[in-house]
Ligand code: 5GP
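The form predicted on its own is given below as one chain in structure tokens.
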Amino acid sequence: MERVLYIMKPIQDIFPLLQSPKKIFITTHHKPDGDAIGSMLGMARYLTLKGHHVTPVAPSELPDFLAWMPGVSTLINYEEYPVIAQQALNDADLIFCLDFNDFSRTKHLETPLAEATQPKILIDHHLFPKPVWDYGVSLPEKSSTCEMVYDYINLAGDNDIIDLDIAACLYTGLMTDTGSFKFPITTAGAHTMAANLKRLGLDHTRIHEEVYDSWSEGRMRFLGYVLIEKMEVFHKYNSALIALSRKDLSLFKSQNGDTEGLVNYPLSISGIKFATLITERQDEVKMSFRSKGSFDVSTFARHYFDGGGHYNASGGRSKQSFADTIAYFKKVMFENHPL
């Protein structure tokens, strides 16, 4: 059988399609983080200022620490309002997909997106995008999808359109996906973007406080419980594991987003180069992987846990039970640990 080479048309090829007002549907991945919501709302605000009718749809509820973001009131939660979201998808002229590389990452939106016939545009920085988009750009070397939206606006010659609302959205994703600018993916370009947004009058301190310094008392106590009771450290293997059952999550009445960032804590331990968070959800077991240095968690996630992502930050999932997932993870971790 002859192999067909998939070629996604360059992102700039959509510029002619946007010369007249369009109905635009924008979405991102399930359980959205700062980069997902920031890129989606930043792009939505930009396209609205360009005269388009834009409907941003999140596949699920967003974390509480992102509820302050400009434009968040325009978001439709697909899980809460599927009929309204589906109608917006049906009515759209164009579909923008931000910060995910596979329709399955949207969970319940997977089939509606796959069946939609409108042109689909990808802006993403994860490895190995599936061949399902008509136009787009995928650059794993970029710090965040928010940086790529910023680049898109510049490519369109619309840098002067960026206002403080767009700036706040894009800075949020830049800040969170770079770990407040400490991860290796943080390039000179990321710092240049931050500097340019600051020149607009961006209040970066407020954004940092909203994201990182607005915890509930319950979340703080939950963190203490997790670090004392649920973290296993394997010094021999330069690795650490946090495993949270549904019961663990209920002890402190954990809210959406309360597990955000937990996987990074073990990496602060001297010698630990690989950290994993396993979380028991209603219908599957979710996994987050982080590493320092040369241990490739993207390959690890893809090979063992139907996942992927970035070299030092990836995710996965398991259809096994919570206990069996932990046992299997330990087995493959012992066999594939960082040196």
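Don't overthink the numbering: it's just position in the shown sequence, from 1. Keep in mind that what you see is a predicted model, and the values were worked out from it rather than measured.
Just so it is clear, the following notes concern the form predicted together with the ligand, a form of the same protein that is not shown.
Interface residue remark: R290 is counted as part of the site for the ligand in the predicted bound form, having a heavy atom within 4.5 Å. In the predicted bound form, the ligand sits within 4.5 Å of a heavy atom belonging to K286. For R317, a non-hydrogen atom is located within 4.5 Å of the ligand in the predicted bound form, even though that partner is not displayed. Heavy atoms of R45 never reach within 4.5 Å of the ligand in the predicted bound form, leaving it off the interface. For the options A313, L62, I278, I272, the residue carrying a heavy atom within 4.5 angstroms of the ligand in the predicted bound form is A313. Proximity to the ligand in the predicted bound form, defined as a heavy atom within 4.5 Å, holds among R219, R105, K120, K142 only for R105. Only one segment in the set 64-72, 303-311, 50-58, 37-45 has residues whose heavy atoms sit within 4.5 Å of the ligand in the predicted bound form; it is 303-311. Residues of 172-209 are not found to place any heavy atom within 4.5 Å of the ligand in the predicted bound form.
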